[in-house]
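Given as structure tokens, the chain that follows is alone and in the form predicted alone.
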């Protein structure tokens, strides 16, 4: 008799996409998905090891699950699989450990309740996902990273960069569009370093082919500044489908810290990139990641970061306090910025970003935007705009609208990171 499973996803879009392929493979093995983790025979945690907070969340979740249902079997995949210290700590609570790359042979790791219909898989990206949404979804174009930023575990957890053939990506996107999907986000750890060497395609070449498939919203994440070529930037202004949002992690405004992070660019280079992007997309929504309290970060280094954020007027900054990740080069450095200083810098940066973002959003009041409707509550609809901004919209005269479709709306009010408006 088949048993039940539940998947808990922690972290980035790549983990969310991996979870969809994991669910598909479990379904093939004969497992049945349930919505309540406390009622599942198996709970799989798709983990993220980028921050200490994500790691700490795993311990709390496992304790809650085991307390509610001691018989539940726990499995861990994702970034934390390679960590021997975590395996030792959780050896009495976690039964199964497997990397995402092992999904193709999952039947050798977990019990199989449908052995006659299991297809051999060489690359887990060949697995057709069990898509969570029927409107907007992620399509991974590769896996792994070659950059070895000194603070990051990804190259150790996922290995070196491997990219899918362009034709496989195009086929998957076209199939999704044929099913009525309105928004596709192509993802990888370092998406704009994509290469299909057999067909001589780089990331811009792939975007050009995807852009020609139909009328839909196309997004990509996450980009590395060193791979933002002039050709890619020029394409931003020519694309029919790319939404006007760019997430480009800068991590620090200090050249000293950027060098210690092994980011392979300077703050001046990053500023030049943003100026070029805004020439192509004057209305761009620009978001970034910044780490505060990296080893050796002085008040002067942090002031350089503050100045960069002020000058570039980001619409959102995802701020993280530095925490050492075992196995990385930075973990060997002295973690010499006190915790209270990290917290203060995080708060100062967030306060400045919130105030600046509010000015950016208020400047949009009165504008007409396209909105993809995702959820309805009474007479209100929730969705996001063609710039990737969250928006709450009301309807004129209680008119009915269809979820999963795009409509025009006029912006009537704004908060720092979201909008409100009326559908037209």
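These numbers were taken from a predicted model, which means no experiment stands behind them. Positions refer to the first chain, counted from 1.
Form predicted in complex with a small molecule: not shown, discussed below.
Margin query: Based on heavy atom distances of 4.5 Å or less, which listed stretch (319-327, 127-135, 75-83, 104-112) is in contact with the small molecule in the predicted bound form?
Written below: In short, 319-327.
Notebook entry, point to check: Looking at 222, 307, 266, 279, which has any heavy atom no more than 4.5 Å from the small molecule in the predicted bound form?
Noted result: That would be 222.
Margin query: If the cut-off is 4.5 angstroms on heavy atoms, which of these, 51, 66, 57, 33, is the one near the small molecule in the predicted bound form?
Written below: That would be 51.
Notebook entry, point to check: Is residue 312 a contact residue for the small molecule in the predicted bound form, using a 4.5 Å heavy atom cut-off?
Noted result: Residue 312 lies outside the contact set for the small molecule.
Check: Do residue 253 and the small molecule come within 4.5 Å of each other in the predicted bound form, heavy atoms counted?
Finding: Answer no; every heavy atom of residue 253 is more than 4.5 Å from the small molecule in the predicted bound form.
Next item on the list: Could you confirm whether residue 289 comes within 4.5 Å of the small molecule in the predicted bound form, counting heavy atoms only?
Entry: Flag for residue 289 set to yes.
Check: Can you check whether residue 163 is within 4.5 Å of the small molecule in the predicted bound form, heavy atom basis?
Finding: It does not: once the small molecule is placed as it appears in the predicted bound form, residue 163 has no heavy atom within 4.5 Å of it.
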